[in-house]
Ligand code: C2E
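Just the one chain here, the form predicted alone, laid out as structure tokens.
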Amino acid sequence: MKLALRQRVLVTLAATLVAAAVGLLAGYWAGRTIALRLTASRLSREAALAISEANTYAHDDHAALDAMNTSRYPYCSDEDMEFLHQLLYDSIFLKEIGRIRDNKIACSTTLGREHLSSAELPKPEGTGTDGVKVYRDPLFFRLPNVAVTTLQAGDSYVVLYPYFENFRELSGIQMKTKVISSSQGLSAHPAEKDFRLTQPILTRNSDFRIGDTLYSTRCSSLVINNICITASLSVSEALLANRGEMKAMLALGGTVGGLFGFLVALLHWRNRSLENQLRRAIRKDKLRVVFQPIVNLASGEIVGAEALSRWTDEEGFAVGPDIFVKIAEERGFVGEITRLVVRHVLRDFAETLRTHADFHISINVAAADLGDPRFLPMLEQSLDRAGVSAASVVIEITESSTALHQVAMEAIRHLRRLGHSVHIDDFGTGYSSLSYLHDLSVDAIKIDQSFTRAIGTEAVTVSILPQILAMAETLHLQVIVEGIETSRQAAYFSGGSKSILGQGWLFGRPVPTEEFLHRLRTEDEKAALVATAAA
């Protein structure tokens, strides 16, 4: 049993650990999925915010160009230069403002009117639907490693703030945003050399993943701002940024997995509990019925046998009847064991009982059986089908069963009316008294083996035996002595005037049907030889 307990502990621990490992793996993938979805949502929000700023940016740019082209001040005059400086001061998105004449800069807020380059403006890279020309990195205004965009409308131009396309910070995550060309607007100048995204993906509202990088593109709906902005973040950066969620899902997955494994193991062992195993054994007819001989102590002749149930559980351990019968009694299905024993007895001994009128089989009946209205009809019908008389089947009830006095009395009377002999098993350990035995109207008592073992010792129970025997003689009860293991114990009971029956290892251990019937045939053959010789 200790080995079985250790095995259960190890199996439960293993199941818990395996389930916890599976839970951790599931937690990791759940955390990863959540982290990537959160990142995708943040990228989408980042791109949308960037587009919103870009629209504001575009309104500011175009408003500045409109104001310059409708200015009432003379072209590049002092008043005009002051006006241009004021426009630049009021804008947070412009870096430079100026005038153009003959495709050359005439004046600007940075170069003034005296230090102008004579170089002509390059060919614009694109023209918007509103006629605004777009220049990228013009020679007259360049910054190292920074892309600069210039817009021209009429004879006015503005240079956009060059750091709009750099990094943005949102919810503690650094996400890279890029200004990407749409089919109608700016050309694309991504920072990474290996940026190989296709044009259709970059020019429509979409969330996508290529390789180990997540992208979210949002495009402006304004005519004056035909750009798309893509925010991106690598998977490793996304997982690192959401490490709190990852840790939480790992802990949750491991905990839930471990608990699940533990509960599954508990349910498994519960399903393999003695009660459930016993129920399955009864249902599948896996209980064995063995038979121990009952002999006449005076002659040594076998006069009967007691049917005893035996059970080996699903783990191969023999479980004593004192354990599994008690479980069945407590759980309310002991009657199923009784029906199984009756079925086995009548299946294996029907012919023997029909041909040996002086031979009987004793069957143990629980207190619950006595109160079960289905028990007596079942017993009677089973005997009728087998063609066995009720006198051939003795009913043994434990002394404790008689505590339910009225129920026991009615059941015993009914059994005796059917023709059964009724014996009180384990006599001397419970409730019976002289008057009580008289009321019960039983046919015999079986003296408990605790009294038999006391023979030859100084135990107090030895002094009670003569009183029990005297009481049985007074009530004209047959006496069967249990637990006889020595010749001395057998001799103690065989010297009286009344014939006493005995049962115990001295006469034979409980054995399967085939072995018992073989012994019975051998006894019959010996008796026949003796009878022949005497004749």
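When you see a residue number, it is the position in the sequence shown, counting from 1. Just so it is clear, the structure is predicted and the values come from calculations on it, not from any experiment.
Beyond what is shown, the protein has a form predicted together with this ligand; the following relates to that form.
Residue-level contacts in the predicted bound form: of 308, 148, 327, 76, one residue has a heavy atom within 4.5 Å of this ligand, and it is 308. Residue in contact with this ligand in the predicted bound form (any heavy atom within 4.5 Å), chosen from 442, 394, 366, 411: 366. Using a 4.5 angstroms heavy atom cutoff to this ligand in the predicted bound form, all of 292, 322 and 341 count as contacting. For residue 425, a non-hydrogen atom is located within 4.5 Å of this ligand in the predicted bound form, even though that partner is not displayed. Taking non-hydrogen atoms only, residue 337 approaches this ligand to within 4.5 angstroms in the predicted bound form.
A residue is said to contact a partner when one of its heavy atoms sits within 4.5 Å of a partner heavy atom; residue 485 meets this definition for this ligand in the predicted bound form.
Put simply, residue 29 is far from this ligand in the predicted bound form: not one heavy atom of it is within 4.5 Å. Stretch 358-366 is the contacting one of 78-86, 358-366, 461-469, 234-242, since its residues have non-hydrogen atoms within 4.5 Å of this ligand in the predicted bound form.
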